[in-house]
Every structure is written in structure tokens, then in C-alpha cells.
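The data below hold one chain only, encoded as C-alpha cells and taken in the form predicted alone.
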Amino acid sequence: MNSPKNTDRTAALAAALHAAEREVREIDGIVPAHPDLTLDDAYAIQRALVALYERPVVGLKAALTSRAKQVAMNVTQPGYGTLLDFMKVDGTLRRSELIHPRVEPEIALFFEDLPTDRMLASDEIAVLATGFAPALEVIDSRYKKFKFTAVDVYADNCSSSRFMLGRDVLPLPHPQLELAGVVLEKNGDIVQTGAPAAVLGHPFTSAAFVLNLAIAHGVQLPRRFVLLTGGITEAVPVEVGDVIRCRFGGIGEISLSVTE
């Protein structure tokens, strides 16, 4: 991975993104003022941003895993963000801590002692992962009107904000995990449906790509960590009083309530 062109700029942009989240306020995208920024620069900003939290890393999240999102962002492959311990929630989401949160269902994979000395194949993931669980991710871009380029979003830690994991870790392999029907409800109304196949055809494909990219970038992961493999449906905006329920066919369900 190439070194960032300007370490002072990297630090300044990371500090601006960190302050925006801490103060719960949106900011302009960084690319218009810095059009020469590359994806390598964006990941350098992300690493600097993550370091500012001074909190333990607990995993990774895949981003831009659908072809439609890649086309919209003018990229040809997924990316990743970093999950920190404070992002994990247990059934309740505090709206006042976020700018414009949106919720999407995902499959979470769990790993322990992952090999980092070689490229991983997607068909290895079922063996390397210690289990999986249904999950909800809350994305919350720090940019105005949730508008950004790929460089913007990677720098902003891929809109990482909060996530919730299902109560039980389920064993692998699982027959036709990619075909499990997913139904996302908001306040009792069905708002999105899909299947894990929406994530690059299979969550294992997404997992292998993201892990290989993070390993190539020298990301230091804890011995045990979680990987959110990518949004199965479109993300749904939430506000105070909303209740999100997601049913994963043959796997389980997960619910999240939004409070002040």
C-alpha cells in the first residue's frame, strides 16, 4: 500500500471526521477540497481516525459489496471499515448519539487466530470461521445528506457507527446460507427483503476479499474478532421510537429499539 502524500493533511482530515462524530454534526465531503486524494490516502485517513478513538478494535465490516453501490461509487471492488468496542449495542440504539442513522441486516462471521501469511480463498471461510450469527449494522455517515464518494466513505471508516449481533453463535457449515430469506420490518411493516446472496453472491466471498485486503494493508486484528460481511438489503433510516425487527430464515431473528 502506498504511503499517504501528506501526513499533516491525513491527520487533519481524520481529526475533522472524529470531531464530527463526537459532536454529532455533519460536515462537507473531503474530496471537493482535496480532489487528489486516492483510495490509499482514504485508508490512511481511516487508520488515523481509528487511532484517535483509543479504543479496542473488535473486528471489520465489509462495505460496497453490491454491484449497484460499486457503480454508484465508481469502484470495482468492496472496501472495509474498522469496528471498535463501543460500537456494539445490545437491543437499544441511542438516536441522540448519531447524525442520520440507517439500519441494514447482515451476516456476521466470527474468527479466531486467522492466518495472515497468505491469501485466503472464499471456500476456506467455512473452516476458518468459528461460527456465524444474524446481525444489524447501523451506518451513520458524517457527511451532509449522506452524500459521498468512495474516497470520502473509506476515510470516514465506511460509515461505521453501531452494530448488534444475534444472541447465539451458530455453527458452520450451514446449508445454502446465501439463500436464507431475510425480512426487515420497521414498526411492524415489511420495508426490505433479500438474501445473503446479495453480498457478492455469498458472505464467504465478501469475507475472503475483505480479509485479504485488510491483511495486505497491515491491519492488526485481535486474536478473536467479528466480521460484518455486508448489507443484505438497502439501509433503512430510523428515528426515536422506531423498532426494527429482522427475521433470517432458518437462522433466527434480531430486534433493535431506537431511543432518545
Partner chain sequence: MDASDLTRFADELFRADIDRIPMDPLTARMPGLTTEQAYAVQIGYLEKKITRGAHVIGKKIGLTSKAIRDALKVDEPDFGCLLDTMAVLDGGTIALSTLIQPRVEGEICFVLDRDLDAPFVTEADVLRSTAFVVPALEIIDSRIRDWKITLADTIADNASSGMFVLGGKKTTLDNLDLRLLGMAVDHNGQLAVTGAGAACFGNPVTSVAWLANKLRSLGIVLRAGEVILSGGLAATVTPKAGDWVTMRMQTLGDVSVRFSA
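This structure is a prediction, so every number in the text was calculated from the model and none was measured. Positions refer to the first chain, counted from 1.
The same protein also exists as the form predicted in complex with the partner chain; that form is not shown, yet it is the one meant from here on.
Find the only residue in 114, 183, 89, 170 having a heavy atom within 4.5 Å of the partner chain in the predicted complex.
Residue within 4.5 Å of the partner: 183.
Would you mind picking the one in 210, 44, 232, 228 that has a heavy atom within 4.5 Å of the partner chain in the predicted complex?
Of the listed residues, the single hit is 232.
Go through 183 to 191, 122 to 130, 147 to 155, 93 to 101 and give me the stretch that gets within 4.5 Å of the partner chain in the predicted complex, heavy atoms only.
Going by heavy atoms within 4.5 Å, the stretch is 183 to 191.
Can you check whether residue 57 is within 4.5 Å of the partner chain in the predicted complex, heavy atom basis?
The answer is no: residue 57 has no heavy atom within 4.5 Å of the partner chain.
Give a yes or no for residue 249: in the predicted complex, does one of its heavy atoms lie within 4.5 Å of a heavy atom belonging to the partner chain?
Flag for residue 249 set to yes.
Classify residue 224 as contacting or not contacting the partner chain in the predicted complex by the rule of any non-hydrogen atom within 4.5 angstroms, answering yes or no.
Although the partner chain is absent here, residue 224 would stay clear of it in the predicted complex, with no heavy atoms inside 4.5 Å.
Would residue 176 count as a contact of the partner chain in the predicted complex, using a 4.5 angstroms cut-off between non-hydrogen atoms?
Within the cut-off, so yes.
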